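Included below are structure tokens for two forms of one protein chain, each presented in isolation as structure 1 and structure 2.
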Structure 1
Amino acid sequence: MITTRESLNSILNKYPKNPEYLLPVLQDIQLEFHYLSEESLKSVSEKLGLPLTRVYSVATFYNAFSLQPKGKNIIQVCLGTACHIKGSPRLLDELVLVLGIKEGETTENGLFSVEAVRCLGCCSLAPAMMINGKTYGNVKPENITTILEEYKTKNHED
């Protein structure tokens, strides 16, 4: 069993002590742990020789990072222009209703997080959403429950 500390260290050890690697390091940590903990940010600050203030600024500036733990499955609803005019706000409403959480929140069981993202580049299939990197096009509000069921029952690996 690899401990949190060990997997954090293995990420940190991949990179040289160079402030330019701040984003890549944080991206790896986000991917591994689904969020950036206080401990991880402090370790990054030490490893790259950067003040914590600078690490924190970057960690909070970019949408790709989260300081709160995220769910196992991350649902990203596209709010690009094409999706907007083709009804993606309705998808978001439906998710909020089905999961009982607001945009940016995580379900209590830690299974799902809902995020609104700015254009997944699937405009021809609007409205679109992405779950764990898998894109769904032409999504209708009534299909949401079926799509989510897939992720509830198995650990989806695609």
Structure 2
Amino acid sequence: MITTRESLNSILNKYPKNPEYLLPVLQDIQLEFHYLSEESLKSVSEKLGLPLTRVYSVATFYNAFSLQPKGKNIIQVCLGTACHIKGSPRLLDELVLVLGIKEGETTENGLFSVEAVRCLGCCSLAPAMMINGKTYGNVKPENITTILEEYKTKNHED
């Protein structure tokens, strides 16, 4: 079995010791572990020869990065104007109820994280949400459980 440390080293070893690779390294770590741990940021700092403050600065600047563990499935609910008017706050309320977590949190089993975003760029599909990059449009609160079941089943088979 591959350890977390081995996986991290595998990512770091793909890149030369050059500060210009900071973003791709962080992206690969985020993709693999679903967040950037303190250990991984220190390793990146050492590998690329960058001050740890610089690595943290980049990691906290971009919304794509998280310093907290995220779920295997990232649910983004659009709260932009069109979606808000069409009822997306009710979608967020339903997700919070069904998953038993607040916006910005991750389920205990690590399967789902819920985020509110300002725009998914699909206003004509309002209200919309996205799970792992797959867009769901014209969503009604009563559709949430069915949509989540698809991911519970898929992740159970993995």
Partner chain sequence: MEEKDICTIKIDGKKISLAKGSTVLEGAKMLGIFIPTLCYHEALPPRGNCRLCIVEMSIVKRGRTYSWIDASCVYPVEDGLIVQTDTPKVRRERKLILELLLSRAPDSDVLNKLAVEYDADKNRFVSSDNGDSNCILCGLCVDVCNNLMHSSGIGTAFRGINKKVVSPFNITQEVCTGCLACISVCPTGAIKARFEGENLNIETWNVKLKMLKCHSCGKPFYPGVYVDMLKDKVTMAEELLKKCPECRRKVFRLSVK
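Predicted, not measured: the structure shown is a model, and the values here were computed from it. Start at 1 and count along the sequence of structure 1; that gives the residue numbers used here. By rigid core we mean the largest C-alpha set that fits within 1.5 Å across both forms.
One of the two isolated chains is the form predicted in complex with the partner chain, namely structure 1. Rigid-part rearrangement between the two structures places its hinge, out of C122, D28, Q68, N132, at Q68. Treated as two rigid bodies, the chain shows a rotation of the smaller part against the larger of 14° between the two structures, based on C-alpha superposition. Taking the core as reference, the Cα of L50 moves 2.4 angstrom between the two structures. Taking the rigid core as reference, the CA displacement of S10 between the two structures comes to 4.3 Å.
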